[in-house]
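Next up is one chain by itself, shown in structure tokens, the form predicted alone.
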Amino acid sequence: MTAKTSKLALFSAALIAAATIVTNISVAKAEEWVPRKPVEFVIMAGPGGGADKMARLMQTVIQKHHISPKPFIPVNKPGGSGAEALIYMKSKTGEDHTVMVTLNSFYTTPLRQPALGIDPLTFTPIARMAEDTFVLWVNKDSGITNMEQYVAAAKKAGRNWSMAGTGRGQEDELLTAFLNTTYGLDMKYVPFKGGGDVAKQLAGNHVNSTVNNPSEAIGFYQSGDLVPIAAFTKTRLAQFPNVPTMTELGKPYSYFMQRSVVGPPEMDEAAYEFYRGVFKKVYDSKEWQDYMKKKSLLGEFITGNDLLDYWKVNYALHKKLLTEIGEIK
């Protein structure tokens, strides 16, 4: 080997070594991605509802346990049954400092409003934190304590019987349609902005019934203002051991609402991994596990492709349900 050749070999080796160092540094930086500014924590619903309470608890857990170097700032965007939040998140495509708490309007709003141009399956699947449950409620002053009495009263009242719920074509209206069809009722569905408002309407005797999540109605239940009649779950809820399921009442039907955290489309992979880690720590925290028990939340933590598959199944299910009640064709 000549001196010139030896120098060239040494130079090439140096270049390769330098390139390797740069690559390793880049990989390390990608793996160590953290937010550089506060994270906008969008809530696809109004104040006081289940999604809002969930987001604010998670914010507290993140801050208390120093899970993120930057705070998560909750922002409610409930307009248009969540359309406001979905449009906003789409506008954040490719950005890494915005995540969103979502529910089943994640499916129903894009299906009902195709002009929005929103495909929920393009959002980043960070974490499903739980599945929320539904219970049929009445005011204590109604005197109703079981499903037989409920059906008799609602049938007698016809269109004068009001069922309050959150938004149009969403979870509450789907359950109202199920009850109308199954029991031959003609209840009038009355939409409000959020689950907290819905519970207040029933507690104030302004409507006849609701299908609130337990987390939304629990305060009024504990005060004795609201009475649970039936649960839309596969088995009885531990918090309401004396409340029968629809299956026990001879109408096998269960329905759940996702409580998930999503990122905008095309989120950077390193940011995605950071947020997955954050919310897995939140899920494993004592605070979150206690909250799930107290609010009758079910379900395991799922993320990534498993969450995307879950979305696909539920998107198809809600397309079918909305078609059946005439909300879409």
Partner chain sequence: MDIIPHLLDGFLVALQPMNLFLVIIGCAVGLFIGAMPGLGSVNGVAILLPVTFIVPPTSAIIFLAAIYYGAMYGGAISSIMLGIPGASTAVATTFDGRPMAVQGRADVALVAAATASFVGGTISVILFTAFAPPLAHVALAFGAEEEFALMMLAFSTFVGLGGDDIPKTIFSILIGLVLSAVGLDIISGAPRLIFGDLPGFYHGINFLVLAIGIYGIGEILWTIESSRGEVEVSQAVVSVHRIFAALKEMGGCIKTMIMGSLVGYFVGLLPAAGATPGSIMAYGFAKTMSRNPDSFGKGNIQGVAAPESANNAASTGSMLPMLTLGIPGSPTTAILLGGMVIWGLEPGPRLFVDQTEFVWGLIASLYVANLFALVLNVAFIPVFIWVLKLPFTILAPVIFVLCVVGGYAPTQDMHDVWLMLLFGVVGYLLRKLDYPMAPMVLAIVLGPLAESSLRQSLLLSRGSMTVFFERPISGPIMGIALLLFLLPVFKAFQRKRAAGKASEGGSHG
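Between two forms, the rigid core is the largest collection of C-alphas that superpose within 1.5 Å. From a predicted model like this one, the values you see are computed outputs, not experimental measurements. Positions refer to the first chain, counted from 1.
The form predicted together with the partner chain is left out here; the points below concern that form.
- The shortest heavy atom separation between S142 and the partner chain in the model of the complex exceeds 4.5 Å.
- Not displayed here, the partner chain is kept clear of L121 by more than 4.5 Å at the level of heavy atoms in the model of the complex.
- Using a 4.5 angstroms limit between non-hydrogen atoms, A238 is distant from the partner chain in the model of the complex.
- The partner chain is not shown here, but in the model of the complex it comes within 4.5 Å of a heavy atom of Y291.
- Heavy atoms of every residue among L57, K188 and V207 are located within 4.5 Å of the partner chain in the model of the complex.
- From the list 243 to 251, 84 to 92, 148 to 156, 99 to 107, the contact stretch for the partner chain in the model of the complex under a 4.5 Å heavy atom rule is 84 to 92.
- Taking the partner chain as positioned in the model of the complex, the residues of 59 to 82 that bring a heavy atom within 4.5 Å of it are, in sequence order, Q59, T60, Q63, K64, V75, K77, G79, G80, S81.
- Relative to the superposed rigid core, S91 undergoes a CA displacement smaller than 2 Å between the shown form and the other one.
- In the core-superposed comparison between the shown form and the other one, the C-alpha atom of T122 has shifted by less than 2 angstroms.
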